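What follows is a single chain, given as structure tokens, in the form predicted on its own.
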């Protein structure tokens, strides 16, 4: 038997491992199973190149709980280690790595470990004593290494006959929760669900099929079989040509068993230069709530779960998608959990952006009708991408859609071609009209349709930001919501309406109306319009409304405290306005103005509370 001190200058590194190197104790299992997987895959490689003469077979990794003995066993059938290798890899390299880590990251808020050979020592996060029993594939004698969390260890011969390594964790009193079967099953499902080597955790009962011709009263036989808890060959490790649509959907259900809705479509990522990356991204049905959708993409490194926070790797607008990304080239610091932003990550984000844009283009070209039917479910992602990623914005011209109130869908170029002759104003600028709510803005839409204009339905929460960008990037266009002004002002043509009222009469009407209309929030404008246009119309100036909306959805805060501003546009050519002008009874005049104002408020959805109650009472009086 050999005894020794672990070669490390830190007096007792284990409390530091427990408190400092790791942010989350549960990852000990992930680290130890990752080591077991590495040992198994290395043996496979040595067998393939003829460097190892053993029969590789069908190795598994087994996790066992001994609740009474307060132990967890992790057993692999991998490379194993000789006595010399235990001395080198367990006693020297890892602890020099630990020292290097402490020196480098003493002022950092680091997470777990990984790349300094420290994975094995994660065992001491939950164990008061660790035994490592190992036998090398070379046939060398087996050994057992034991350490109780002090710098001292023992290393002696053992009678283990089979190649591989068994790690026995004697669980500490403050970590007894890890002896619960449900806890370990949950961790295996979270971190090791797609590890490339089968992982056994307990057994399960299987019913054998009855043989042909069996008696009708015969009972089928049941047997105990290994309970393999992972899928070693998940869909993203295969080539797209090997998978059918049903395979992608089945994998989606495997990733999200509680999700009942099918994904709309998927994007298979597969690149090996200038970095390695595989994965599958799914477009689920979206809501207009951007924040509720995030953190559903799982990041793996060589099939080991790392995190579901992919910020920095996946462009912000795509964090609303679901799926898996796996890359050995995503840089992690000494943990598998904390990402470092570097050139590789930026290249990966750029690749994913391009791949998604290309997929959108091909889906649109292959089946436009199907793409249009899914537009409302994906538009929030596309619009967010157009707003936040310049390269995606450039490519979006081929597939971004602009739906109309009549259920037609145009690309930008198609839309411009359709409206340029009718919706170009006297200054040569094409005005794109839109509604954010077909029901609330119905009367304004009807006035617009009467002119033969197209009206888009643009109702996502970031639309004000996006149209601001479109107006900046595209030439000679502007957007105007249908309730931003009366229609003749939204698209000003050369011809001017002639007013039936003189300037003096206009002023008289204006003064009469301003006596009744609340001064706060309303500006009265008397304008010549078609005689069949509404007599009173409330509009909200496009610029101010848009700035407020942008502020509310995360834009510039300078407009945040501004009150809502409205214009009350009075149609000088409407018979009702002439009637108000001619009315000598002040009470009747005031009644006409109030009723007209409330009808205009009603059209804008602004009539509420006491004002609505009074309007209803007044309306009944008028009926009588």
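Residue numbers count along the first chain shown, from 1. The model shown is predicted, which means the values in this text are computed figures rather than measured ones.
From this point on, the text means the form predicted together with ligand ADP, which you will not see here.
Taking the partner from the other structure, ligand ADP in the model of the complex has a heavy atom within 4.5 Å of a heavy atom of residue 89.
Contact annotation: residue 39 falls within 4.5 Å of ligand ADP in the model of the complex, judged by heavy atom distances. None of the heavy atoms of residue 353 is located within 4.5 Å of ligand ADP in the model of the complex. In the model of the complex, residue 81 approaches ligand ADP with a heavy atom inside 4.5 Å. Taking the partner from elsewhere, no residue among 361, 383 and 399 has a non-hydrogen atom within 4.5 angstroms of ligand ADP in the model of the complex. Stretch-level contact check against ligand ADP in the model of the complex with heavy atoms at 4.5 Å: of 582-590, 29-37, 64-72, 51-59, the positive one is 29-37. For the options 371, 479, 453, 120, the one in contact with ligand ADP in the model of the complex, meaning a heavy atom within 4.5 Å, is 120. Interface residue among 539, 435, 327, 165 relative to ligand ADP in the model of the complex, by the heavy atom within 4.5 Å criterion: 165.
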